[in-house]
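Next up is one chain by itself, shown in structure tokens, the form predicted alone.
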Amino acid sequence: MAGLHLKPRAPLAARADLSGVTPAALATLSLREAEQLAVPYGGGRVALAELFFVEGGPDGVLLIEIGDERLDHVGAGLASGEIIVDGVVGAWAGLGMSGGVLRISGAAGAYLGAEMSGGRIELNGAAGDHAGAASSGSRRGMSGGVLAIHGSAGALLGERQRGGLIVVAGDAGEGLATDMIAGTVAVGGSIGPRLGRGMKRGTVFTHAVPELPAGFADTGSHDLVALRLMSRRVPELGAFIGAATHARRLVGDTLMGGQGEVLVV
């Protein structure tokens, strides 16, 4: 595989921050310059080559051959190109992504895809809390792109989401879509309590009626014609809806004046 390959020299002894290590940032560097790229590590900064064997060339896919749960901010700020991680990553993976593709074969820590506005994240393992959500103190969560989680997701998935699509194959924790303003979330497994509290707009798809706050009203069964048309343009949504022709629609959080919807298909 053409591109730059990073292989850890040893298990990390402290947290490392790879937010500046993206295909676009590396494309202008020679191999020697890439090796000397300074990255935050523990309480200081070290050269990339002190943590990784650096091989290949900067033009192409960035491959991290062995992941580490202390490897934070992988793909943060990614705008183009592709990053592949063969293993787990720490927190903040894909933070603020606006384009490109981030593929992770293992699990991810908290804040996966937080505040992303474009691009695509594929996670084969489980995601920690706050995936696709807003950073601490921020009012804006995910606003665009696709976050595909093939395992489970923790609490507060899609908190303050403003757009984009999140698809979770497994279960999702409590507080899903809290203060959601726009966007779509589809969860194939069970959903924890307090779904949609403070939800203004947006759509949550599920296969079973979840536990909902008092501010949600059941409006009965609805035809899915418009959604089936939309799903033709969004393969992930089409796969989730499948052959369903109707959905039970619950609207809320009406206590906050919201008109978000939970569709049970």
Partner chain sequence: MTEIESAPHIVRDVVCGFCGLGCDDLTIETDGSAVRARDTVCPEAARLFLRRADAREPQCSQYGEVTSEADAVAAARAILAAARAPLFAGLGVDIDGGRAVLELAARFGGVLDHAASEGLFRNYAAVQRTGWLATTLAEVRNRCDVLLVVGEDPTASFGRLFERLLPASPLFAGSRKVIFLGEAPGEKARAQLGGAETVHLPADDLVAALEAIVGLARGRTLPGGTVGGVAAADLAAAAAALTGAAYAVVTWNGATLADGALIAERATALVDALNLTTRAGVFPLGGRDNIIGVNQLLLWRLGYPLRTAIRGQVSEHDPALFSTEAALKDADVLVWVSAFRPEPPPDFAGKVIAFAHPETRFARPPEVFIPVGTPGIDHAGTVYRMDSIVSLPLGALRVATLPSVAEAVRLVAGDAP
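Just so it is clear, the model here is predicted, and its values are computed rather than measured. Positions refer to the first chain, counted from 1.
This next part talks about the form predicted together with its partner chain, which is not shown.
- Interface residue remark: S190 is not counted as part of the site for its partner chain in the predicted complex, having no heavy atom within 4.5 Å.
- Proximity of S80 to its partner chain in the predicted complex: non-hydrogen atoms within 4.5 Å are absent; the residue sits far from the partner.
- Its partner chain is not shown here, but in the predicted complex it comes within 4.5 Å of a heavy atom of A214.
- By the criterion of a heavy atom within 4.5 Å, F240 is excluded from the residues contacting its partner chain in the predicted complex.
- You can rule out all but one of 172-180, 147-155, 80-88, 96-104: in the predicted complex, only 172-180 has residues with a heavy atom within 4.5 Å of its partner chain.
- Along 32-57, residues P40, Y41, G42, G43, G44, R45 each place a heavy atom within 4.5 Å of its partner chain in the predicted complex.
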